[in-house]
Ligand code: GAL
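The data below hold one chain only, encoded as structure tokens and taken in the form predicted alone.
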């Protein structure tokens, strides 16, 4: 009897373990939509990078808030497939004093593993709230997802580097490099904890630098200067980091504003035969940086020394075992006609429902496991809150979506993770707010109104 009971317990444990390991809440990368972790909270990791360690990918980014552009910590998430992300921890919390203390800015976090020491070194841009005290600083940790110990400024010739937008690049020979806006490349010391030399200052390029290398050619991606507004990002090429670097062109179609994103990192996903390069871009949203900013991840196409993001893939998969990707076609059914809430605050026209009134809301009921929302984004778009209820009262998850874009687009703005099959209610609420900000020159950016324009709500079959 005891043996049978033990066998039963072991079998149940194995079944539960297998079910847990196969619990995939996402089966595609959904660019431009909020992503949710294992706790149904938004993945909050901006200005990010990804480091592979063992069979896992670790995403590091700025853990933003909606209240102020102030450092609240750097986050770490892990994944085995680049689609389903587990929140690990805040790996660098706000320090009590100093460069990463209260009321400071912390941006562009990047992590590399030093091949000589085996230590993980984290780099960041530190600044005051007026962006008048820029420093490149660093922290270290023995484990990739542990709490990093802040050290201080990264030194070159005994002095701090007073720069802001930054990136990192690790070459195939293990050497590490620091990239700085407007064309600076620094080679790091063997332990990655100081700068060995200035490789080049070629006075080209812009903000948000990222470099990757394919078949002996280096590609340097960067953004133009337009505050948090999107722009057509550009790239240069060279056969050596020391140059000469040649300006090429935009790497996404002109006017697409790099598919409404800004470069942050390029991740190689490789096996013994092939490599897929994944472009990682940010869709910044101000002031709701924590809840409404999203990510644009796209496969990079490379052909005879040229790089392209020719088409915007809203939904796509990247097989990390075979280093292959493909666009995903969604099998969905529209429930847009099954509105149960009052429409008095909404205007129906051109197969759209739109409102710019604060607290105007619509609800949709559905039975299934997954739901998506399509909306119009343009220069009058505002913020909307999307909430999924189990039944009509229990909140399963909630997110804020940003419906502003400089160029008008008909976009997928929300895709839920896979839920347990059941009866749900989806609520869309206009917040009566919109993204807007100014830069140092007091130029005004962002939306001019608070419109929420819904075009479809669909349930996955």
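Predicted model, so just to flag it, every value in this text is computed and none were measured. Residue numbers count along the first chain shown, from 1.
Absent from the display: the form predicted together with this ligand. The rest refers to it.
Q: Can you confirm whether 108, 131 and 262, the three residues that make up this candidate site, all sit within 4.5 Å of this ligand in the predicted bound form, judged by heavy atoms?
A: Yes, because 108, 131 and 262 each have a heavy atom that approaches this ligand to within 4.5 Å in the predicted bound form.
Q: Though this ligand is not shown, can you say which of 250, 369, 227, 78 has a heavy atom within 4.5 Å of it in the predicted bound form?
A: Residue within 4.5 Å of the partner: 227.
Q: Taking heavy atoms and a 4.5 Å cut-off, does residue 314 contact this ligand in the predicted bound form?
A: No - in the predicted bound form, heavy atoms of residue 314 and this ligand never come within 4.5 Å of each other.
Q: Using a 4.5 Å heavy atom cut-off, which of 227 to 235, 78 to 86, 241 to 249, 356 to 364 contacts this ligand in the predicted bound form?
A: It is the stretch 227 to 235.
Q: If you look in the predicted bound form, which residues in 153 to 177 sit within 4.5 Å of this ligand (heavy atoms)?
A: If the 4.5 Å heavy-atom criterion is applied to this ligand in the predicted bound form, 153 to 177 yields only 165.
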